[in-house]
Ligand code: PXL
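A lone chain, given as structure tokens: the form predicted alone.
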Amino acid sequence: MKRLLTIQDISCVGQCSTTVALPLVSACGVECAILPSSVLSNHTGGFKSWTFADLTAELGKVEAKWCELGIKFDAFYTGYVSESHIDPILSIMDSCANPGALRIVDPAMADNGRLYAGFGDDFPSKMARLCNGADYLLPNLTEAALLTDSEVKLSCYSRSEIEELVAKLHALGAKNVILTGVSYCADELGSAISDGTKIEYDFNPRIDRMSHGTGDVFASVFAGAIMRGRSALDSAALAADVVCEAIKATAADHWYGVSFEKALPRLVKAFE
């Protein structure tokens, strides 16, 4: 069984970040170790306030102990992190990697045209350091634009604009790019998947609902599927299917996340 380490925050309430990654990666049949970069009472999307405990000082201590014990990982999957976490994460990726270990980076920092609360305007340039060398980079359109110093658009991107964004993301040092939120018509939404030589697409019928945490669900399923040997295109397609099922299963008044738990049986069955 492959062992993946996910490094991101724990939002105790909100169905996102580590509380999504751990069950979904595990459901794919991959051992999922966790390293919380911070602990929040709840996520920052839609709640009026939250607590935040920074764990930067613990990351180096954990790395030292793992090195002492000879603990290694076959993949690293990062999500929501702060500037102070980036250097420790890069160090862990070097010191605790098995040969050929994958780096899967979800630059979770923005959506709908703006950065998440708590991030300064210069944060995308910091996040770009983590993207350099990523085997798989999974930004949404807003994150891609900010990472590449491109125009942030709320309207649909043309095919040529998507291809230009993808090329710029590869120029950051990403080997494979999975750009989410792509749409060329009103009734579809999907991803552009690029290995640097060709771009493939996966689309699903658009669901007219905004839900927190869908990016985390997508990235977690993608990471698990990649570790089980699926192609990037197949992994993105499975991840999108799980996201869609989770959204459809979420009650109308359940505003702070998606009920991914109800899609777990489908995910487990995909790897039987």
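Since the structure is predicted, the reported quantities are computational estimates derived from the model, not experimental observations. One-based numbering along the sequence shown.
Keep in mind the form predicted together with this ligand is missing from the figure; the text below concerns it.
- Only one of Leu40, Ala240, Met227, Cys32 lies close to this ligand in the predicted bound form, with a heavy atom inside 4.5 Å, and it is Leu40.
- Contact annotation for Pro36: none of its heavy atoms lies within 4.5 Å of this ligand in the predicted bound form.
- With a 4.5 Å cutoff on heavy atoms, Tyr116 counts as touching this ligand in the predicted bound form.
- With a 4.5 Å cutoff on heavy atoms, Phe76 does not count as touching this ligand in the predicted bound form; it lies far away.
- Residues of just one listed stretch (210-218, 23-31, 58-66, 232-240) have heavy atoms within 4.5 Å of this ligand in the predicted bound form: 210-218.
- Remark: none of the three candidate residues (Gly190, Asp202 and Phe222) comes within 4.5 Å of this ligand in the predicted bound form, counting heavy atoms only.
- Interface residues of 16-51, taken as those with a heavy atom within 4.5 Å of this ligand in the predicted bound form (partner not displayed): Cys16, Ser17, Leu40, His43, Thr44, Gly45, in sequence order.
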